[in-house]
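Quick heads-up: it's one chain on its own, the form predicted on its own, in structure tokens.
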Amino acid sequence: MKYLNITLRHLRTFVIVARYGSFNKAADELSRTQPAITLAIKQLEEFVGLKLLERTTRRVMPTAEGENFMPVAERLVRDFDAAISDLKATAERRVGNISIAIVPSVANQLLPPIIKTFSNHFPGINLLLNDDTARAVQQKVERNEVDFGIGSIWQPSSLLKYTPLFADKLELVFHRDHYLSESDKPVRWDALHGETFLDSGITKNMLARQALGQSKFDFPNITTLLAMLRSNLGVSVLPSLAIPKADGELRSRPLEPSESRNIHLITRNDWTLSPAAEAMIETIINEIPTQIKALGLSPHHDIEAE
């Protein structure tokens, strides 16, 4: 099966010689010597067992078989060149696709200016954002459903790498008509016994919250949780980023002792990120200090409130 020895070099040489009708012009075009061009055509004809080019003293012309083969060879060369061009564009971060799983509060409050900066620097890269709970964010990274995630640690996993980004203070949230709105001083956890607590993925893993006993209300979706708080059903705990600042119906107070939710960049240990994903991560790392300062957040803390 001599045809298995045919390379892209043979095909490209054939296309250029047939196009120019000259070995010398083909040699100039391909920056090779005329004997090397002649040898490549000879090898190609030997491999396929057919004469593809007719040589005369004035011109080189394709044979009938060469004419039929010409569009096929051109397509193969063109497809290869296009594929390599696409790979180079990806490697140079000119094109690409990124998928990120992220907790909603960070997506809404922190990420917009970062994405704007990223888009200005990398206009050819597409971005898909999946906002979900901390648990779902981690699971999507573990299953390779996204390139990386941003959220708190739901459950430590040896499959994942957690890079600290910032800490987000947790606050007690309630309706404006609740008696707790009469003061803005910190609220001690032991003062919350007897309160109707609306649980979420954040509160269920807090030791101080567990000491208050179980609640019959559990709202993992933050939109639903906020709606229940607005109906004055009970109280809950949310990170500062998740509390709507312009909401006239809700109030918040600091907790004592204070606790924070640590936000991490979550990646897989055994996975090579695409150049596009690497560019996005670099942008996030570079922009985070400015954004957390603007939002009044803190650097990463050692104590994690999931």
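Since the model is a prediction, treat every value here as computed from it, not as a measurement. Position 1 is the first residue in the sequence shown; the rest follow in order.
One more form of this protein should be noted, the form predicted together with another copy of the chain, which is absent from this view; the next part is about it.
Just one of 87, 191, 128, 227 has a heavy atom within 4.5 angstroms of another copy of the chain in the predicted bound form, so which one?
It is 87.
May I ask you to choose, among 36, 243, 265, 61, the residue with a heavy atom within 4.5 Å of another copy of the chain in the predicted bound form?
Only one listed residue qualifies here, and that residue is 61.
Taking the shortest heavy atom distance, is residue 114 within 4.5 Å of another copy of the chain in the predicted bound form?
Outside the cut-off, so no.
Does another copy of the chain get within 4.5 angstroms of any non-hydrogen atom of residue 75 in the predicted bound form?
Because a heavy atom of residue 75 falls inside 4.5 Å of another copy of the chain in the predicted bound form, the answer is yes.
Contact with another copy of the chain in the predicted bound form for residue 43, defined as at least one heavy atom pair within 4.5 Å: yes or no?
Heavy-atom contact with another copy of the chain at 4.5 Å: absent for residue 43.
Should residue 52 be classed as touching another copy of the chain in the predicted bound form when contacts are defined as heavy atoms within 4.5 Å?
Yes, residue 52 lies within 4.5 Å of another copy of the chain in the predicted bound form.
Given that the partner is absent here, state which listed stretch (169-177, 232-240, 156-164, 77-85) has heavy atoms within 4.5 Å of another copy of the chain in the predicted bound form.
Single hit among the candidates: 77-85.
Would you mind checking 274-291 for residues with a heavy atom within 4.5 Å of another copy of the chain in the predicted bound form?
274, 275 sit within 4.5 Å of the partner.
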